[in-house]
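Only one chain is included here, represented as structure tokens and corresponding to the form predicted on its own.
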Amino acid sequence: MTSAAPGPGNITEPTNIVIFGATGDLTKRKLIPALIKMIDAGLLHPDSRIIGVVNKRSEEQWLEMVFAGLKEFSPEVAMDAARWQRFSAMLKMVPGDLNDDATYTGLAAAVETLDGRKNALFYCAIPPEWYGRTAIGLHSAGLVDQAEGFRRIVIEKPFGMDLASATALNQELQQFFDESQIYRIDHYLGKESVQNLLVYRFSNSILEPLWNRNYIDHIQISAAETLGVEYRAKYYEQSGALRDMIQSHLMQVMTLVAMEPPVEFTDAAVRDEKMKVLRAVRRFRAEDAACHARAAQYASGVIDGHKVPAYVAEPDVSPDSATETFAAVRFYIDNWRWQGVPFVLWTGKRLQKRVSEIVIRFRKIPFNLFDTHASPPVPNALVFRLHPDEGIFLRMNAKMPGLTTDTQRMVMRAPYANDGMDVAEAYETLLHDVLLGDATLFSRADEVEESWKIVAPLQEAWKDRVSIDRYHAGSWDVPEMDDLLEDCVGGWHKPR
């Protein structure tokens, strides 16, 4: 895990960065803008090459597509002729179909020797069903062997849709790549605020004595969105909120919150501790799902003064769909530190506010001298705001000005970054880490499979669902969510 500022430990080797799916939405929205920012920040070696594998288009057409994407997603680059010229000089195209062996032979010929080495990073910005075929093609063309330079492959989520498919994909990739060469990317872990969670935890002595079941009542980890499914409806119909957010993003964050201090700050040590957390998560049966989880789907409503349609009225969504757009799961981690502490992970689309937080709620004090009906005390909470307005908030009780001892809530705020400070985007951080060979923020094969094992009972319970509860878009009125946290201090935290 690296910082965004260039320095002696952040210098990367010249590398052939190969993008499969070079005409796709992910490439236009995220990868190309991230690579340009990395060049500007000195995080990508200027002698590197960016090779797009493109089907049914000429190189001129592809360059025009890249430039059009920049005008939409990074207009400041498109308007700067010198920056565009510098970046476009690094671009190369290899034509061909991913199902054609000749494509990979052509790619092998296009990979350049840079500063005496043939380093290559293969980014799979393609549908998951092509991951295996791409690995086979790279192996057949001799592009997996690291004798001439490092070879690393980046796999986008979803990494499988259940335990069986994730295990099969792991086995398929590991036939050709060593586990150390495989980088399963989760852009959520690339957020600066998520990485800073580790620094908050392990560089501040004030937190460690409180970070356990003796003082913490429960923890809520959330990702709320105001957007609907947009262009992802076909994927979302197969996925739902459980697969899309909880099994991957939020469970990864949970491991960072709950893990023990690693013996050293290396990728192996950190991932070993995360794996211990996943193995300690209490399992439940499919028939117990109603006690542990909630699912709902957004109906029509109003967001920012505009009417928005119900999920079932969105393009490419079945009018009879029972896919959840909101999911919440109550987990327990059965170990010495966290025994009996609920971890409630929840996520939803078309909610009242776009916000992602980790809320640490503390136990009630044994006896409150200032508990009055006029001003009942609020629960103490430590809140890590991941997005937006990244930072840490401490919520406490204080005396209200005046002649009484009535109390009021006081919030102490520590923003993560000062106004105007340039904070690296997730893909900048993660691409840079791959180039450096730092796998700290990437999932290992056993982590992926263990997380699928944990949610398998919910998948089983929800797979044949024909109806689902609904909530109005733009609200927090999710059925039975208050019941899921009824015994937790302060109940369900609805972000403000």
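Bear in mind that the values here come from a model prediction, so they are computed numbers and not experimental data. The first residue of the shown sequence is 1; numbering continues from there.
Same protein, other form: the form predicted in complex with a small molecule, not shown, and the subject of what follows.
A heavy atom within 4.5 Å of the small molecule in the predicted bound form is found for exactly one of R354, K234, K364, R133: R354. This chain lacks the partner; the member of D267, D217, E314, E225 within 4.5 angstroms of the small molecule in the predicted bound form by a non-hydrogen atom is E225. Per the 4.5 Å heavy atom criterion, the small molecule in the predicted bound form is contacted by stretch 187 to 195, the sole one of 102 to 110, 187 to 195, 334 to 342, 253 to 261. At the 4.5 Å threshold, heavy atoms of I153 stay clear of the small molecule in the predicted bound form, well away from it. Contact check for A295: no non-hydrogen atom falls within 4.5 Å of the small molecule in the predicted bound form.
Among heavy atoms of R350, none comes within 4.5 Å of the small molecule in the predicted bound form. Put simply, M245 is close to the small molecule in the predicted bound form: some heavy atom of it is within 4.5 Å.
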